[in-house]
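One chain follows as structure tokens, the form predicted alone.
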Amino acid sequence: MNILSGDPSEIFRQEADELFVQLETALLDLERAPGDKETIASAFRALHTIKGSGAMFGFEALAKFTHHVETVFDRVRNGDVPVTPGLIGVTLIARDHMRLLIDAPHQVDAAAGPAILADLDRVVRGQGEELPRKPVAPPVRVVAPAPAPVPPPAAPGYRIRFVLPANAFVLGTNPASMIREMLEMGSGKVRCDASEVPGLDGLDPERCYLRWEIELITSHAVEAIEDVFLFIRHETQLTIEPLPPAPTPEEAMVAVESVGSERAESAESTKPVVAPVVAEPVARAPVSAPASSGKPAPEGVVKVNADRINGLMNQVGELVIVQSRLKQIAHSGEEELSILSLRAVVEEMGRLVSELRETTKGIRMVPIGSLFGRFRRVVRDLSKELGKQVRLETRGEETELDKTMVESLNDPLVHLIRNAMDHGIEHAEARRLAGKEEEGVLLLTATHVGGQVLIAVDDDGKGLNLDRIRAKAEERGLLAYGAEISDADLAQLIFHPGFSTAQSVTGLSGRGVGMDVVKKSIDALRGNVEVSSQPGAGCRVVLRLPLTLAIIDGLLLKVGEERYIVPLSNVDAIVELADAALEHPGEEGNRFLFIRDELVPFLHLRDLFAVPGSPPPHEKVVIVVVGKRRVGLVVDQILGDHQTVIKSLSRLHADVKSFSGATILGDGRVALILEIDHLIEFGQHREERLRDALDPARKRGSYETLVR
């Protein structure tokens, strides 16, 4: 990242992101508490800092535009202008325009800024005196066409072509530095000709094969350009030619009219009669704030508490001391003493590595409140678009989660929020008839449960229409007509690709894509999704996620000659598969264990993975929990706990859903990490196929019910 190398513009962009969050938060708070002086001051401070920093870092257009908005909020702060919904709405649009002036200034419509300021002016004039026009701003409306300004004389331009000597790299010449030095003289375009670069067989890494051409607009003399090649001028093929002068506005207009007249003459016979076109003012819809910033969040930048950095340095210092002790033991001549000392050092190093892991994990963790705060604007804009009254509430904002996961959760949560507001929460009239408050409530909650983070999206709407979901599933062939299925399993069908119960396609929903995105995104994060609903009372969607994607606590298992890892957060109990408890056949011949007064189905990993040979006499059962499901996994041996550094599988294994990754053990072996949710589904389908093969007429037994 450029910010790490000290690029000032990148540093400003990072600070601006925080200021935009502060501004948006203040504006949304003012919508509910218009008279809050501290919130008004917070919005003003954000605007003032954006303007000042923007001017300091060269964002002049941003500074000029923000100055007008700051002037309005200065009057709001002094009590001259009240806070109204109109003022909040236009300022939010202005905030989006400011962000665009930073992220993509060359893509900004020149008329957008003046139009936003005109709207802001109208809002202010509707409440008080006219907004002063002293700050420099482009005119908003022009009654009569103004004479075109005379452009300043353009700086001369040069076309520079150069070919460096073949041994340029050997001589220490850096073409990138030379090109950068020329571009610092003005502005220009660079083209590189790589047509003479040979294939790998004939490539000499010390030979320069490239040619360059630069169109440079600069006020510097030709001699200044030649000085760039001072030390290799005689060996370099260099040509510097003046660029043809750009046409004046009058010449360009004449050229356009000439071309237009030629085309008009050739098409005169077929030209239709067209009525004069009257330009209408373009209605601009409010800009809905994106759930995330206009540019991708820089994942290489994390703000870290200084205490955590100090703790990390202390642990590294202790690790250096242990390394010195280890080196001393290795050079010791007393073998027996060395072995005893080595054990002590290994224990000490194990403690330090564990502490380093926790500290490093803490550095990667960020409060999820930074993610929740983005959705206030989303809910506000969707409420106005749908004509519904919805209030967003959040809890557990201080819950910490891996930064990478926080960024990956943005899209799934946006889809869940949109779905809840479009399908779940009713309009005010319908809520009033149902005995509810006219304003719906959307609740985002984050909590730590063991080694997982639970993120819940609750709404107090009408809940899922399970009858319609069943009818749609039967219509699409996802469910047999009249098949028995639990409400929880029926609700899971909404995540099937292309599944939708919407009567019509709108800009928000109806194509069956959103919930599919949620499921795939959460699966990619090694999490799972649970859905529960009460008719007329609302719907609850829970995302279960690991704390981090980098290192997990795992349970190391052995099946045959292979090793496997089960995330320790999924392990509920470990029991021995005694002969007396080997099988408890039900009506359909399924196998269960009686654990804590409950029947728990179990799967033989030897059977699932087709491991050859006979199992050992004393097999173990690992009881795992996924959501509300408890299933036993029969393994040959439990090898103990293992701090697992997760490595991703290759693209060739992307379709193997039963494994979420792999890790390298201390002896160099590779152990696969089990994806419990998919493994259970795979085992369930296998049991069903075996049962159907034995008796095709047999109905689905209680195994599926217990697993789910």
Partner chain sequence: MKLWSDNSKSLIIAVAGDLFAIPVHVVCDILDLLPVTSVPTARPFVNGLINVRGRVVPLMDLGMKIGLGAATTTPDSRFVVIELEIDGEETLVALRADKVHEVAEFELVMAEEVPRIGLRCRGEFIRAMGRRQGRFVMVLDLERVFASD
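Positions refer to the first chain, counted from 1. Just so you know, these numbers come straight off a predicted model, no measurement behind them.
The following text describes the form predicted together with the partner chain, which does not appear among the structures shown.
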The partner chain in the predicted complex has a heavy atom of only one listed residue within 4.5 Å, and of Glu439, Glu562, Asp487, Glu213 that residue is Glu562
Looking at Leu639, Leu672, Leu28, Ile680, which has any heavy atom no more than 4.5 Å from the partner chain in the predicted complex? Leu672
Partner absent here, but in the predicted complex, which of 28 to 36, 660 to 668, 42 to 50, 61 to 69 has residues with a heavy atom within 4.5 Å of the partner chain? 660 to 668
I'd like to know whether Leu608 contacts the partner chain in the predicted complex, with contact meaning heavy atoms within 4.5 angstroms. yes
Look up in the predicted complex whether Leu649 has a non-hydrogen atom within 4.5 angstroms of the partner chain, and give yes or no. yes
Does Met56 make contact with the partner chain in the predicted complex, using a 4.5 Å heavy atom cut-off? no
